[in-house]
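The chain below stands alone, shown as structure tokens; this is the form predicted alone.
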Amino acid sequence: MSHISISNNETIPLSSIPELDYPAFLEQNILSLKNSAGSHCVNYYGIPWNDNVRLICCIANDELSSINISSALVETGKPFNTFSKQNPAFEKFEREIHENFGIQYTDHPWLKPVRYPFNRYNKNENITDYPFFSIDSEELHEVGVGPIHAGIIEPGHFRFICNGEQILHLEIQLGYQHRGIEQLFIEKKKLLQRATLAENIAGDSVAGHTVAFTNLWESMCNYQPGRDLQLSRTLALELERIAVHTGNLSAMCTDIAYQLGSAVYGRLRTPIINFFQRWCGNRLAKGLIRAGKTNFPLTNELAAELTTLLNAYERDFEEISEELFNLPSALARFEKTGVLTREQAENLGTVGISARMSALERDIRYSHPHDLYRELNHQLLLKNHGDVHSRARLRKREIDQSIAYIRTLIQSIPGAGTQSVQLASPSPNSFTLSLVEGWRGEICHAAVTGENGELIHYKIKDPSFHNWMGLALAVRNNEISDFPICNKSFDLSYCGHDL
């Protein structure tokens, strides 16, 4: 058997994952991607395994709602052929494996460090010596932006090569901040500590990452949450989507100097996050989602408040959106700017809006539904042009869709029958994978337990890990003055990438 197929949030014995020799491992995973247009890599990483490294590859088949898991045991000192040469979507996964374990790849197209984590294999590699691509030319010039930015934005460096105002190449270097979160999941032993870690992976994706952790943990403990818990989690995800998309539209208006849009969208974001404050005491939804229980059950009174809030929000949101998407000066900046083609999006393995803007069908709510998304019968929203306009339009349409979902969900509020449950210990010697469609795209958490059910490995993948290279390609042949609106329309995460 070349792989084992599992469903989203399914726990299996670690021993059930086939262990192949590396050539068979490579061939099997590349072949599975070629055989299905709906397949893509959701995670690929290494685990220290005695004196070697066990590689685990997770290929999602979106048409069958399954994830194919396979593994290979490799020695760090030996050279290996890459997945990336045959499928560019693997390039960053393999760069991370190289950085973490020193595994050498003979034919990787871009074998540079990814994050410079504290526990990297080669500590002589330093971020100040990062080998940026360069071109010797008297006609071209380089522009460096960051890593320190104005305001509160997180650190990241953007190195442009330009011909006049035209961008020929952009290289994005991250890795300036680390909290060692994956290692902390192993070191911290209390469930509350781990839930708090999940909430702080990325501050704009509290619901997304915490639902992923919670679903994974409950699966490992063989616990099935009640409808009240699933309702709270689904609502939190869709409210987070509305809040962040609204704030993003505000920022996009700021980047094109459309101050009315900036002000109105910014104002509209506030009551959404204030509802989280009303619900659980935190505007980012921290404390709301917990494994096996909820400290803040959704009540009929809260549902009524939410209905009133959405009625007021929707009226003003539709009015300002009508203005924005019919404003010639805005359309002139949005349309045909920052284009990522479908072929590029597919080759890079992009997810979320960064995929759906180019008609690439990537949405976990549709392909691997969890919580109440199967009940909602979620429908994909797609655009075809892959430009700033497509990304803005999708955010508007997703907000409309989320509002409709929330109105449906709160028509019937179940009693809080599972407010507190004593969870069993996690299954020993097991593997679990959880996929969640956050507002930015596909979130993946994976865990491995030891013989006593203790966590021995925890792996996090934020959707930004897939999408930063998409931004680098999208800005090519655009004027450098269009970079801010391109960057904001992708709206990727620094800390979610660096961990």
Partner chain sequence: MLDNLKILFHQGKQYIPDITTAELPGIFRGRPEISTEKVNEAELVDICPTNAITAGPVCIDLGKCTFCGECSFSFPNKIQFSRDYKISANERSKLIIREGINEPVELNPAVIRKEISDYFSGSLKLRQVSAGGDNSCEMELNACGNVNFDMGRFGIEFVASPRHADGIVITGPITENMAQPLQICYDAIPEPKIIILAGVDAISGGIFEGSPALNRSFLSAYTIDLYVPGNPVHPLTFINGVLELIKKRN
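Positions refer to the first chain, counted from 1. For clarity, every value in this text was computed on a predicted model and none was experimentally measured.
Another form, the form predicted in complex with the partner chain, is not on view; read the next lines as being about it.
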Partner contact for residue 128 in the predicted bound form: the partner chain, 4.5 angstroms, heavy atom: yes
4.5 angstroms heavy atom contact with the partner chain in the predicted bound form for residue 218: no
Non-hydrogen atom contact residue 278 with the partner chain in the predicted bound form at 4.5 angstroms: yes
Heavy atom of residue 316 within 4.5 Å of the partner chain in the predicted bound form: yes
Heavy atom contact within 4.5 Å of the partner chain in the predicted bound form, the stretch among 368 to 376, 381 to 389, 179 to 187, 164 to 172: 179 to 187
Partner-contacting position among 293, 342, 336, 227 - heavy atom within 4.5 Å of the partner chain in the predicted bound form: 293
In the predicted bound form, the one of 204, 255, 346, 96 near the partner chain [non-hydrogen atom within 4.5 angstroms]: 204
Check all three, 157, 223 and 242, heavy atom within 4.5 Å of the partner chain in the predicted bound form: no
Residues from 318 to 347 in contact with the partner chain (non-hydrogen atom within 4.5 Å) in the predicted bound form: 319, 320, 323
